[in-house]
Every structure is written in C-alpha cells, then in structure tokens.
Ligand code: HEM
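As a starting point, one isolated chain is supplied in structure tokens, in the form predicted on its own.
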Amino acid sequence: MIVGFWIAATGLALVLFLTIHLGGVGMALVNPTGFERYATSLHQQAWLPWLEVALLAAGLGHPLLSLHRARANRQARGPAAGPLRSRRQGPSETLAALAAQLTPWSGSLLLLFLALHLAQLRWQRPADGAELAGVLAVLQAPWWLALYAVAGAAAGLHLLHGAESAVRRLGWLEPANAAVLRLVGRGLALLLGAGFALLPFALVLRSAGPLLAGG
C-alpha cells in the first residue's frame, strides 16, 4: 500500500514538472526573448538546486519502486499467470493496454533520454541569453532530433497507462468518476506526448524560417 502510494505520488510529481517544462520551453516558439529571460531567471533562483534534487529523487525512485512492485506482483500471481488484460473494449482501450505492456520499455527510454538531456543542456548549461541557441545546436543533428521526438512519444505512451494507474493507487478512481478521470488522464498524455514529440521539429523549423526567407 505504501509502495503504491509513492509510485503514484512520484509519478504525478514528474507529470507536474513535465507540464510546466513544456510550457516553459514552448515559450521559445512564440517569444524567444521572453524564453531567455525566463531561463536566466529560473537558474538564478536559490531554490532550484533543491527542486532538482527532489526531481532526481522522484525520477529514480519512481522506476525503482515500480520494479519492486512488479516483481512482488509477479511472485504473488505465480509463474504460470499471464499478463493482466482489460475487459473494456474500444480503440483507446487497445492503445491503453499496449501502453501498459510497453511501460518498462518506455520508462527505460525516458531514463536514458533524461541522462543524455541533462548532460547536454544542464550539466553544461549554455550561457545566459544563449539557452535557445544551445537547444537548437543539439537539435541540428538529425539523430538527436529523432531521439527527442521519440522520447516525447514515449512520455505520452508511458503517461497513457500511468495516469490511470496513479489515480487508482491513490484511491481516487471510483465508478462515478472513472470515465472523467480516464478522459482527463488520456487527454493529458496526448497533450504532453504530442507536445514534446513535435516541439523539437517546430523549434528547428522556426529557426530555419529566417534562413529560408533570406535564401
């Protein structure tokens, strides 16, 4: 019970961070100057290191606790038990079931991406006023652009299963509100997944616009 609570709590904390992060980075599309001011101000805050420590704890604790819970569930069900299957029908349910089966893989990809992303743009952070230029320098390489897009899609797929799982672990999912909570969770998964998958391409195309116009 306690493990399930912390799996849900750390997962929702990471979702909150991703939502804020997407909004902050998305600012670069409509207001690059404002984005640079935002990034500079953020990295000057005294509380930022503490927030990063908390996010690191959540980012590492969530998969470790999930792995522990999955192993315990597998032992309880026995070696002959097959994967759990949803009895709900429909295209969205099929996709949700696929997301549940791919959770270990999408989570592993996200952990790998996080390490690479931090190494590129946090541990060697660009100078103040050059944050967007640093992001674009990374995205100019086609393989990095593809990885950022795939990681965004993986985040959406992971959340497609994780959102409902979190509210169920917290005891919030009831027959009266199940349909609404599933709709909200899947809508958020679509928003974050599509946002992070498409934003790298949008940034690259925006930066290429002046060059194309000049050419």
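Since the structure is predicted, the reported quantities are computational estimates derived from the model, not experimental observations. When you see a residue number, it is the position in the sequence shown, counting from 1.
Same protein, other form: the form predicted in complex with protoporphyrin IX containing FE (HEM), not shown, and the subject of what follows.
Find out whether any non-hydrogen atom of residue 118 is located within 4.5 angstroms of protoporphyrin IX containing FE (HEM) in the model of the complex, and reply yes or no.
Yes, residue 118 lies within 4.5 Å of protoporphyrin IX containing FE (HEM) in the model of the complex.
With heavy atoms only and a cut-off of 4.5 Å, decide whether residue 55 touches protoporphyrin IX containing FE (HEM) in the model of the complex.
Flag for residue 55 set to yes.
Is residue 42 part of the interface with protoporphyrin IX containing FE (HEM) in the model of the complex - any heavy atom within 4.5 Å?
Yes, residue 42 is a contact residue.
Even though protoporphyrin IX containing FE (HEM) is not shown here, does residue 110 get within 4.5 Å of it in the model of the complex, heavy atoms only?
Residue 110: contacts protoporphyrin IX containing FE (HEM) in the model of the complex.
Would you check whether protoporphyrin IX containing FE (HEM), in the model of the complex, lies within 4.5 angstroms of a non-hydrogen atom from each of 102, 182 and 191?
So, no: the whole triplet misses protoporphyrin IX containing FE (HEM).
Relative to protoporphyrin IX containing FE (HEM) in the model of the complex, which residues of 126-140 have a heavy atom no more than 4.5 Å away?
The stretch touches the partner through 131, 135.
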